[in-house]
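Below sits a lone chain in structure tokens, taken as the form predicted on its own.
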Amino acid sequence: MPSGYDVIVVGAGIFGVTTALALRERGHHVALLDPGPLPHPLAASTDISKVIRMEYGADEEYMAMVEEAREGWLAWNELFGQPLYHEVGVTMLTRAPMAPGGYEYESYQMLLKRGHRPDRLDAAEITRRFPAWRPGHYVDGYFHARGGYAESGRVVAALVGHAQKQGVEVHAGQTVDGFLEEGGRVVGVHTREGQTFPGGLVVVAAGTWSWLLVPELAAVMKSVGQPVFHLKPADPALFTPPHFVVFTADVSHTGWYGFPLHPHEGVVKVANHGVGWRLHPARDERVVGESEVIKLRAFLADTFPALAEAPIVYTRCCVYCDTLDEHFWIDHHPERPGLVVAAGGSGHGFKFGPMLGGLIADVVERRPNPYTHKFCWRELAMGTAGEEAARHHRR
């Protein structure tokens, strides 16, 4: 049996690895457990790219959090000696004029309020600056230079390596399937592989598998599949910055968003941030069906004609760990001492990576933090509506 740890972190995605690092930097003896390989191929954190955007409609707290995280992304580029965060900018465009109450309008106003300088775009300017967009189909919106994308899988790999160098004990190939308990307190974990790991405290940061480990979370969390497509453009230059950047396409009404040509993979990634489909993370097959391909082709024909017939070289079912209200779930378990949950990314957690570990570490250590009230253990009725402003919520 390994010697006891101060903290055991279950799951090495963006929530888990940043938590392990932050706790190690504060002097804790930390173990990080994951089924592996790392980065885990089925984890939501693992893909070629994730959007880094400040825009959250009228929610100023989330924008403030991303402002902090952006500084961290720039610092990580320096730390890792390579640009894993690409600040190419973000276009947020709409098919009708932006109006109060809309995601893009409220985001634009919040950017101005907080001292940012987004470029407002009309239909003519959209066509001039971003020629891949179908002329006249999107008539309003803006470009914001302080945003872009992170190479998410490579980020997780770099963070795991950095965590090991800092003294985090990483145990890949260990699938936690239950907790050690003593006197009503969680005092460690045991794994499917037959090992036990004692610890003073356990943090479950297992993404969409979290509600399997902590079944009482099934009342407030669900696993939801979303389609991801990698396309090979006939004209790569048309989809390369600055002529094409990270985009949202009337996203709260359509769910569609995507990325410029990937610098290593040579593909344009397009995905949907919408209703998705329910699945079981351990039992169900993760397949993007033909109906999703049909929806993609219709979107491309309306929006990016030069991609309408582009070959799809890869599809992925990205499985969100959705909370009912779509805010994260980061708190001590109210009835199981020694257990902390840090999950519920709800499809928008990765961008906070550089400040997420510190936030979770503050929860672990019960330190004050200006944002943790938003993510505390809470009662949610089954009919609770999702509140993530960018997400498309209707079928």
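Fair warning: this is a prediction, and the values are worked out from it, not measured in the lab. The numbering used is simple: start at 1 and walk along the sequence shown.
Beyond what is shown, the protein has a form predicted together with a small molecule; the following relates to that form.
*Asks:* Within 4.5 Å of the small molecule in the predicted bound form - does that hold for a heavy atom of every one of Phe80, Arg146 and Phe244?
*Replies:* The answer is no: none of the three residues contacts the partner (heavy atom, 4.5 Å cut-off).
*Asks:* Based on heavy atom distances of at most 4.5 Å to the small molecule in the predicted bound form, which listed stretch, 23-31, 363-371, 341-349, 57-65, is the contact stretch?
*Replies:* Of the stretches listed, the one contacting the partner is 341-349.
*Asks:* Would you check, heavy atoms only and a 4.5 Å threshold, whether Tyr320 touches the small molecule in the predicted bound form?
*Replies:* Tyr320: contacts the small molecule in the predicted bound form.
*Asks:* Would you please decide whether Tyr103 lies within 4.5 angstroms of the small molecule in the predicted bound form, comparing each non-hydrogen atom pair?
*Replies:* No, no contact at 4.5 Å.
*Asks:* Would you check, heavy atoms only and a 4.5 Å threshold, whether Gln164 touches the small molecule in the predicted bound form?
*Replies:* So Gln164 does not count as contacting the small molecule.
*Asks:* Using heavy atoms and a 4.5 Å limit, would one call His40 a contact residue for the small molecule in the predicted bound form?
*Replies:* Flag for His40 set to yes.
*Asks:* Which pick from Ser223, Thr91, Thr303, Gln226 sits with a heavy atom within 4.5 Å of the small molecule in the predicted bound form?
*Replies:* The residue in contact is Gln226.
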